[in-house]
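Only one chain is included here, represented as structure tokens and corresponding to the form predicted on its own.
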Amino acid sequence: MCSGCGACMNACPRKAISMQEEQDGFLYPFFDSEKCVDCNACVNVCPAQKELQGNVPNDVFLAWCNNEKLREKSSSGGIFAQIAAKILEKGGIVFGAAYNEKMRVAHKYIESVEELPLLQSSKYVQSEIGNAYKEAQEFLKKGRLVYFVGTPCQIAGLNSFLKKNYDNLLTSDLICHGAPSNALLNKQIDDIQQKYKNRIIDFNFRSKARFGQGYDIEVSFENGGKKFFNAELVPYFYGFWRNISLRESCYHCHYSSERRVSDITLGDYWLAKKIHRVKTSKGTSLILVNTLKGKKILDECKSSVALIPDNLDRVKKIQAHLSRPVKVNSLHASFVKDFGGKDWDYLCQRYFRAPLRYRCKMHLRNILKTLTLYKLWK
């Protein structure tokens, strides 16, 4: 059930815990027995040891940001970016997931709107928390306004670590499908770098440049070049989407529930055009407002966002992971065994190569999207 949230490492008063990569590529807590004094701080803070603490949403909205630049750089409707901008305008701190110099995704904080693009755009990989919980706590104790965004297990880890409800803390969790590892993503990145003989500086899973909101990978290279890939045919994403390469805890996630651990839950509103007759090319978001703090910040942003009321029962049918976790793929167990000992080509052929018929279908779909100017009417 370990989600790798890092709460135990942040809570250990003796620094006896470090997060280390295991055979499956994910980070797990490792204990230094010489430093450990059996204080049980790690056990007491572990959210996997506790019953789910959360709130059923008070309000549900289809939404998008009115700032076109923020919206276009975001994966969905740009609501995170708008809330983050509001927090930064107030002199606050925003924590979120960003690529580091090694192209691993890790949590970091920003203090200016100019840094906001680092945290924008969905990253389908488990972010490394590091010392983010401790850093957030230090800012909170100093009276700084903090906005912390992460997966539900990471927000649960933060809440458990802090042990109290800070008035100056705002949190957002995500409607999460599950997450592969940084180790697997780096294998994919290395493969593309070798193929194109250039270093990757950005890996955007949800580029809107070609087809608008959806799954279209845009890779940026150090030499200034860019390359687009059909997301469903990229081995890394194929394994993610087919539930082959997710963390073990993702298949048993008790945060896949209508009870949310944050102030505001963010996700995609996939059927906005069908249900509300709203075009989705530039991006739309699903917002669940779970607390009074969440309602307050959304009220402050009302002049900057479009909000269309909806109801929880309907969006639970649109977003299945508000009711249940993903189902484990039958290939998952053998993939975990092979991951540490097999090379990338073997993993791709064995686990991540889509059937020929499916590949042809995806390529044909992209051609039709281009010919019909799909992005303009979506």
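Keep in mind it's a predicted model, so treat the numbers as computed, not measured. All residue numbers refer to positions in the sequence shown, first residue = 1.
Form predicted in complex with a small molecule: not shown, discussed below.
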Heavy atom within 4.5 Å of the small molecule in the model of the complex - residue from 231, 175, 85, 162: 175
Of these, 207, 127, 290, 171, which has a heavy atom no more than 4.5 Å from the small molecule in the model of the complex? 127
Close approach of residue 78 to the small molecule in the model of the complex, 4.5 Å, heavy atom: yes
With a 4.5 Å heavy atom cut-off, would you call residue 119 a contact of the small molecule in the model of the complex? yes
Partner contact for residue 321 in the model of the complex: the small molecule, 4.5 angstroms, heavy atom: yes
Whether residue 179 contacts the small molecule in the model of the complex should be assessed with a 4.5 Å heavy atom distance threshold; does it? yes
Even though the small molecule is not shown here, does it sit in the model of the complex so that 96, 149 and 285 each have a heavy atom within 4.5 Å? yes
The chain here is shown without the small molecule. Which stretch in 301-309, 259-267, 190-198, 216-224 comes within 4.5 angstroms of it in the model of the complex, by heavy atom distance? 259-267
